[in-house]
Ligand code: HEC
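As a starting point, one isolated chain is supplied in structure tokens, in the form predicted on its own.
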């Protein structure tokens, strides 16, 4: 209990320095140190709308987007908040923080512990989405142990995505709902004709829309003013976040390594939507796809340190090996909706970078929601804490069973059932658990999911090396 309280104090005092957080302030986590760089080179101002409660339930953007957790939340940090406040922190609100919003008792600490168990244990927010009126499917049943079994409005349980490194996004939100015509937002793409809006202008339009939706929904507020929205978006667009030090390997820029938040800042001018896309969705004339996504640690591959530094050099060499595995380990990609079916290729000879193709960032560089099986009831990971939702194709009678219909709740398309985007990988060590539903409690779990799902055949050493690399992002 005491440990959690100490961590809570560390991560919840954004204003401990007054109205600013020092640029590149080091936030320790289980694997090292995380830093956020302000692209303007100044300290981070924490007196703006991002940190203000402009709704009615005490929440601000920072409630679910903590600097120490890479501007997301971790389940450990949420648990610390619960213990420190007895479940009264603004993140614990029944409109979306509780497992269900009716037939619950939040008047006692015991009742709150039960009502907010998914938020505390998995860092999950409940997202309620109505089934589109013209959907190609109907919801046959929803089996939800927490209640909220309505078949017209589905309760999906998802992790808050980071509000940092946003310049590298090709889609907003797991299901792309803030980059979709169905919600009044716009698909983020590259200009294909004179007069087309730029990717940046599309991103900013969508971010403003998302800021309004978050304020009116999560914070239960009125529509924020244009000045408040601009202040939120401008703050978010300043942020570049990455792991800066590793507990075992030390400084991630030492001995020629090119990691840390500065590496992302250097990557930014070269990035464009569609860069390195493996399936031909990038702009004409873009470079051919390379699976060598990360080149942060090539200098650590052949170190010759003094005898006194052998242990540290060993860990650095392991990280370099893990980077090489990410770049070059063959993966036979099968059964992935959005890839195998859309391309009509039953088996794609791929790599980690086939889906995580943005150089030194790790997200998909175009809008390409995929279903890799994370939300399937047959997932290699435990998803028994999630609802079981049965859908039927109205035209064919085909049945699909899932824990989250994903993008289909936005488009109404049968083929979009279970499809979701992959997140940016930088900042991973600070924001466990992983995947949209928190089903991977650790990076070890995430790697093992891929190992089983695609029969990769990682050796124990390869798994250890890959995990060591991921812990430095």
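Model, not experiment: these values are computed from the prediction. Residue numbers count along the first chain shown, from 1.
Although it is not shown, the form predicted in complex with heme C (HEC) is what the next lines describe.
Visitor: Looking at the partner-bound form in the predicted bound form, is residue 456 within 4.5 Å of heme C (HEC) by any heavy atom?
Guide: So residue 456 counts as contacting heme C (HEC).
Visitor: Residue-level contact is defined here as any heavy atom of the residue lying within 4.5 Å of heme C (HEC) in the predicted bound form; does residue 27 satisfy this criterion?
Guide: Taking the distances in the predicted bound form, the answer for residue 27 is no, it never comes within 4.5 Å of heme C (HEC).
Visitor: Under a 4.5 Å heavy atom criterion, is residue 67 part of the interface with heme C (HEC) in the predicted bound form?
Guide: Contact with heme C (HEC), no.
Visitor: With the partner left out here, check for me: in the predicted bound form, does some heavy atom of residue 162 sit within 4.5 Å of heme C (HEC)?
Guide: Taking the distances in the predicted bound form, the answer for residue 162 is yes, it comes within 4.5 Å of heme C (HEC).
Visitor: Considering heme C (HEC) in the predicted bound form, which of 388, 265, 127, 303 comes within 4.5 Å of it through any heavy atom?
Guide: The residue in contact is 127.
Visitor: Heavy atom within 4.5 Å of heme C (HEC) in the predicted bound form: which of 275, 383, 244, 370?
Guide: Result of the distance check: 370.
Visitor: In the predicted bound form, which of 250-258, 267-275, 147-155, 203-211 comes within 4.5 Å of heme C (HEC) (heavy atoms)?
Guide: Result of the contact check: 203-211.
Visitor: Mind checking whether each of 232, 236 and 423 has a heavy atom within 4.5 Å of heme C (HEC) in the predicted bound form?
Guide: Yes, the whole candidate spot contacts heme C (HEC).
Visitor: Which of the residues spanning 314-340 lie within 4.5 Å of heme C (HEC) in the predicted bound form, based on heavy atoms?
Guide: The stretch touches the partner through 326, 331, 333, 336, 339.
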